[in-house]
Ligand SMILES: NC(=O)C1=CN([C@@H]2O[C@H](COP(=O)(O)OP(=O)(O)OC[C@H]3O[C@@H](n4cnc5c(N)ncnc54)[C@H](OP(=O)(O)O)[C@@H]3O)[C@@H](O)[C@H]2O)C=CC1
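A single chain, nothing else alongside it, follows as structure tokens in the form predicted alone.
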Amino acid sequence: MNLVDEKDEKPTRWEKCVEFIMFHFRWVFVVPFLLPLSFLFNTVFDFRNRIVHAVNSAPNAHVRKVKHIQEQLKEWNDNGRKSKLVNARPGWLTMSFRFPLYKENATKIATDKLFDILDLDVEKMTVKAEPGVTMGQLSQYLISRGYTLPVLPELDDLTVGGLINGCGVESGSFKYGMFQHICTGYEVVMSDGELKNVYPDSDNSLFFAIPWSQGTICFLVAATIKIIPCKKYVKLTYKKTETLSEMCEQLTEDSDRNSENVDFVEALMFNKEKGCIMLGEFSDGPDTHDEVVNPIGRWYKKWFYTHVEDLINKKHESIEYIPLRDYYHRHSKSIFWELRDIVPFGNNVLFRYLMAWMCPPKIAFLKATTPNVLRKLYDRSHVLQDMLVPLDKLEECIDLFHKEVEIYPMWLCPFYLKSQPGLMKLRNATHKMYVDVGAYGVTSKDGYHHERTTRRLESFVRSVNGFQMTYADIYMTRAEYAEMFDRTLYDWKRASCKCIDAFPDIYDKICRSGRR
């Protein structure tokens, strides 16, 4: 079944030549233009945030911003609710590689100024933040005060709203679950302009319907999130695995969420057999001078995944002490390993010392400046997928990814799936420990086809009661999506909250035909 009107025509020789030049020499534009622009943007935004925190202006400004959203919705209602509601955030600012088509004939509500931290409550151990607040902002703000989030996803530019309306998994997830599971309350504006504070004990059904809903029930304007005390360092143990079965067995054993000595678990596969499991625990630092402190976040340091591979090539097991914020954002500098295709010499020692202080280029800027000819190449060969499968199905999943896409490194992040109502409902009580299998990059695998291959991956994930992260290309039919996700609560809240004529259906927002 062809879900998308996309041609399978092979590119001409001329198109291949242009694509080759644009792909292999994109750095000619990225290095002299996007790197300085990204650095300048981050510097200005950081300065702006420091001023906001110093004068404590965010709470009052938040009230004004919410009232502006309510006024826009009142006008939309007064005009007869004639079109669907979407946020006015430009497509190039989203983390998805695609640009949304569903916004073209919709009413755009300006919610793009919601990017402030509003409150830190150390008695209740919570932080309240607007949906545009990034993980980089939160880690900088909280760690300097001795706190952190139980689940703080790795990339600096991931936002609170994106991780709630979409999905967030991180190396602390084996113990605490997904990002949505550390949220204790949401502040939302409904389609009629009503402002609601939603908590699990006051509006249980709406609270559990919001995660993964992609903003198709209400507009999220703030979230209250749990915090925990933290220490200055992470003691990170690197354990080499030499076979796929060893990786799966050892990762299952290490992902015991009741372990008192482990706070973080993740793994990388460098080919189908060789991998590394990384176990972290909060630490005050080394006890002796012989132990290694490695500030991996400094600009001249190697990309983290290459550092990991170097370590396991030398020793079967290693231990390092890493500053906590450096650890959290260990994959940001190289955008996991996507930057190797954009700046192929980015890990070269000379480049690192001279220019890496401006890295990484902002993902939004990369997306906004990707030419159409390069998009066609990405359509054919770029893979950006996170599949969430039961941990006991990991070996089968890696076998399939190797057969279908063969992109390495491959990211493996175990997480605990809590038994809660909502779109991501636990369907098998024996499968509480899941793992995120992430494949990112350009594949040269013979027989790869963006639609047919993705549908085979999706079919496997559905067959094992797994889930697909919906920021990626989705080729499932509407019925197949309803098989993967439990729409019962979602559809009921859409009807009871008068959302059906107000917001697009979630499938229409995430399916491939809704994006270009």
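In this text, all values refer to a predicted model and were calculated from it rather than measured experimentally. Just count from 1 along the sequence shown to find any residue number.
What comes next is about the form predicted together with this ligand, which does not appear here.
Chemist: Using 4.5 Å between non-hydrogen atoms, is Val435 touching this ligand in the model of the complex?
Modeler: No, Val435 stays farther than 4.5 Å from this ligand in the model of the complex.
Chemist: Might Thr126 be said to contact this ligand in the model of the complex, defining contact as any heavy atom within 4.5 Å?
Modeler: Residue-level check for Thr126: no, no contact with this ligand.
Chemist: Answer for Leu155 alone: is it within 4.5 Å of this ligand in the model of the complex, judged on heavy atom distances?
Modeler: Yes, contact at 4.5 Å.
Chemist: I'd like to check something about Pro360: if you look in the model of the complex, is any of its heavy atoms closer than or equal to 4.5 Å to a heavy atom of this ligand?
Modeler: Looking in the model of the complex, residue contacts with this ligand do not include Pro360, since no heavy atom lies within 4.5 Å.
Chemist: Let me know the one among Lys103, Arg257, Arg81, Lys301 whose heavy atoms come within 4.5 Å of this ligand in the model of the complex, would you?
Modeler: None of the other options qualify; the answer is Lys103.
Chemist: Which one of Gln72, Asn347, Ser332, Asn87 is close to this ligand in the model of the complex, taking close to mean a heavy atom within 4.5 Å?
Modeler: Contact with this ligand in the model of the complex is made by Asn87 alone.
Chemist: Tell me which of 36-44, 465-473, 444-452, 51-59 has residues with heavy atoms within 4.5 angstroms of this ligand in the model of the complex?
Modeler: In the other structure, the partner sits against 465-473.
Chemist: Within 4.5 Å of this ligand in the model of the complex: all of Asn294, Thr306 and Pro409, by heavy atom?
Modeler: Not a single residue of the candidate spot has a heavy atom within 4.5 Å of this ligand in the model of the complex.
Chemist: At a 4.5 angstroms cut-off on non-hydrogen atoms, which residues of 159-179 are near this ligand in the model of the complex? List them in order.
Modeler: Thr159, Gly161, Gly162, Leu163, Asn165, Gly166, Cys167, Gly168, Val169 sit within 4.5 Å of the partner.
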